[in-house]
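Only one chain comes next, encoded as structure tokens, the form predicted alone.
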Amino acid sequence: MTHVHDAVIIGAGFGGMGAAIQLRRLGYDDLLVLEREDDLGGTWHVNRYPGLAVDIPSATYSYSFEPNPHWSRLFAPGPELKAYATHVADKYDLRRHMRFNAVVSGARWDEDASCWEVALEDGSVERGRFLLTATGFLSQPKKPDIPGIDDFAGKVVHTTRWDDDVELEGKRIGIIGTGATAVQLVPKLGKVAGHLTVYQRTPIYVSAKVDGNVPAPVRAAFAKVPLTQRATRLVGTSILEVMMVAGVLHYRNMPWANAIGRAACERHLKRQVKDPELRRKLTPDYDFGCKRPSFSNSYYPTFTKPHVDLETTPIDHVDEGGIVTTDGRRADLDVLVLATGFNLWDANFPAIEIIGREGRDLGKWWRDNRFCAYEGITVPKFPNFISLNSPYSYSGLSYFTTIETQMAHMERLFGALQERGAGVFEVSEEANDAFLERMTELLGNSVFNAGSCATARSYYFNQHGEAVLLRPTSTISAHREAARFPLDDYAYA
């Protein structure tokens, strides 16, 4: 407990690795990366369910400084993302900093020593001058609060803890949830199940997926002439930017952009599902963008198969043999799959207890007041703390856009700290409040505030009814501000 690392990073996914790479660039080499799982990769290590793939074009889903020319498909399958994470860790010599199966229980700022004490569940304590949390936006699985679910005698599997040994062939399978994960998983289950019942609380917008193999000559061109891949990345990012910024964040001023997205999904549904009653059940009654949409060419057709039922009547309870809905009907099941997502606002922000100056508990403070982090990365009363999964931090649709924006902020902030010969930074309350006020004003134009989202039940909204996960600016603006924010928004000591 006497040794103080330059920095302790919690999480060895793409966010944590990006932070480690940036710290190494800035001259910090005594890094400790604590990971609760048994290997690196974050989401792409934990998730292994059938059909897992990135849900935005592969060309946009990588570090811009480390492009991957070897994606096999336009939407790369999960194992390739895991392999890419391994490649990055090896190339940038990050594994030597990592400790796996290291479950962090909490962290506390030591005012006297000007460092962070990080407690692990095994009773050990690590110390670091800086603390960076990279626990991901979707890291705390949500188990549905349904009476009797623990009484089910068959196999229960959550999509974040997929059991490769679970027997699915010919089985009676029930799946709860119809979010982005279910869009990928349901078609796979429909192919092997003897009978599949999909329990839908909220339908999701799904558009056509322009997918396919990336031809070998194209991959070769990407490898030999990186400019070709950068151009492809730019096109893909621009399309995503239009979808997010115009259709979702500028909803009030550009409702036509949102209408285009909605119409594309509705046309896709109409082409694939001819039964008007089934189509009605699959049609969202909230505005496009209130909940993250998805892409699939096989999700809707799965519901047209004779052995697949879409159940929209609420679940009353689960018993040892299956699920009973509120109208008294029951479905006998062998396997129950939980595609019920994650608990963001009760357990994920932050994912561990973090205590700053004056005993301030970050999670409690956010929940008792309002969720905010200055430029999506730092918080008053939490010196030398970088929160990589924070309110107002997610920029665009590719997580790598967010990561690299935060890396740019770190470069400017730590550079200022070093130039001043200081050891501690802390963002001011005034700067944080001004940022929150600006973000709140910008969100007034978004679909979250100006549209109809009441029935979306979207994880974008916290318990205060605010959609504070996404940063309501363009990705260009976010990156520009990360590289140019006023240095006097921080105090240095």
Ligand code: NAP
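Computed from a predicted model, the values in this text were never measured in an experiment. We number the residues from 1 along the sequence you see.
Although not depicted, the form predicted together with the ligand is the subject of the following passage.
Trainee: I need the one stretch from 348-356, 89-97, 123-131, 178-186 whose residues put non-hydrogen atoms within 4.5 angstroms of the ligand in the predicted complex.
Mentor: Looking at the partner contacts, the answer comes out as 178-186.
Trainee: For this chain shown on its own, do Ala53, Gly341 and Tyr459 all sit within 4.5 Å of the ligand in the predicted complex, going by heavy atoms?
Mentor: The answer is yes; Ala53, Gly341 and Tyr459 each reach the ligand.
Trainee: Just to confirm, Tyr49 within 4.5 Å of the ligand in the predicted complex by heavy atoms?
Mentor: So Tyr49 counts as contacting the ligand.
Trainee: Is the gap between Pro144 and the ligand in the predicted complex 4.5 Å or less for some heavy atom pair?
Mentor: Within the cut-off, so yes.
Trainee: Can any non-hydrogen atom of Lys291 be found within 4.5 angstroms of the ligand in the predicted complex?
Mentor: Answer yes; at least one heavy atom of Lys291 falls within 4.5 Å of the ligand in the predicted complex.
Trainee: Indicate whether the ligand has at least one heavy atom within 4.5 Å of a heavy atom of Thr202 in the predicted complex.
Mentor: Yes.
Trainee: Sort through Cys372, Met254, Val157, Leu138 and report the residue having a heavy atom within 4.5 Å of the ligand in the predicted complex.
Mentor: Contact residue from the list: Leu138.
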